[in-house]
Every structure is written in C-alpha cells, then in structure tokens.
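First, one chain by itself in structure tokens, the form predicted on its own.
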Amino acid sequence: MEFEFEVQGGDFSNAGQASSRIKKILKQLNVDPKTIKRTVVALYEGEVNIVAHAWKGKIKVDIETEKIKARLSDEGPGIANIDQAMRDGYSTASEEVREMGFGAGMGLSNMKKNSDEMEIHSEVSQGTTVMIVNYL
C-alpha cells in the first residue's frame, strides 16, 4: 500500500496530519504498537522538519508485508553539514519557529532513533531527502 502527502512549509496548523493518518492505517492493519509508535515518531519529526525548514515537501509511505518505507523529500535550504545536524540539540530553526515550541534540534536524531534504517541526502539550496525503514 502506498500513500503520498503534500506538506507545505510554514503550515504549522497542519503539521502532523500525515503521520496521524499513517498511525490510523497501521492500527487498522494490526501492526505491533511499538512499531507504530516508532514509525509515527520518525514521520512526525520529519514532517515538522519540512514545515519548519522548507518551502514545501512530500512524504511517501509504502507499507509492505515485511517493512514500512518512508521517503520525506523537500524543496528547501538543504543541510550544509549532516553530521552536525544529527547531533542532539543542534538547530537552525528560526526564532519564530522556536517560539512556537519547535526547533529544539532533536528532529533528525529522533528520526534515527525511531528507525531501523535511515539515509539522508541533502544539497544546499536544493533540498533534503530522508529515507527511513522500519521492519515489521
């Protein structure tokens, strides 16, 4: 089963809708609650990253019999130093984003902690793509 969601940069009122929809679907498929939680946390963190840092993005989720694959891609400023961005607490979020309670610098590291596999590809001034896999 494949699902695709459009995410608009700066639209914090709708942040979390894609991860919430996937959560409902995984529950209906009787996926293990721990796997659901890990997957939804990783998706939510990625979704918020798109909203906070990019102009727009897409989330594609493919639910297979053995695994859940997600591809989160955005058109945005990209990540200049992925190793630095992966460190807990490192953030490039604007002051405005931080005032809303986002941008604590835990997004990418939380995605990694809640994924069995994770890959990041980014180009400055072009955007970022994060691929995650969780096995069922």
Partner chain sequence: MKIEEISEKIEGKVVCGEHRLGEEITCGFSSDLMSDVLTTGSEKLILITGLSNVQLIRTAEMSDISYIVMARGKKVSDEMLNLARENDMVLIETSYSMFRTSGVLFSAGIQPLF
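Residue numbers count along the first chain shown, from 1. Because the structure is a prediction, the values reported are computed rather than measured.
Below, we turn to the form predicted in complex with its partner chain, even though it does not appear here.
Chemist: Would Y90 sit within 4.5 Å of its partner chain in the predicted complex, counting heavy atoms only?
Modeler: The answer is no: Y90 has no heavy atom within 4.5 Å of its partner chain.
Chemist: Although the partner isn't part of this model, could you tell me whether E99 comes within 4.5 Å of its partner chain in the predicted complex, counting any heavy atom of the residue?
Modeler: Close contact exists here: in the predicted complex, E99 approaches its partner chain to within 4.5 Å, heavy atoms only.
Chemist: Tell me, yes or no, whether G16 is in contact with its partner chain in the predicted complex, where a contact means a heavy atom of each within 4.5 Å.
Modeler: Yes.
Chemist: Check whether T35 has any heavy atom within 4.5 Å of a heavy atom of its partner chain in the predicted complex, and answer yes or no.
Modeler: Looking in the predicted complex, residue contacts with its partner chain do not include T35, since no heavy atom lies within 4.5 Å.
Chemist: Hey, of 65-73, 79-87, 104-112, 52-60, which bit sits against its partner chain in the predicted complex at 4.5 Å between non-hydrogen atoms?
Modeler: Checking each option against the 4.5 Å cut-off leaves 104-112.
Chemist: For the heavy atom contacts within 4.5 Å of its partner chain in the predicted complex, list the residues of 28-45 involved, in sequence order.
Modeler: If the 4.5 Å heavy-atom criterion is applied to its partner chain in the predicted complex, 28-45 yields K37, V40, V41, Y44, E45.
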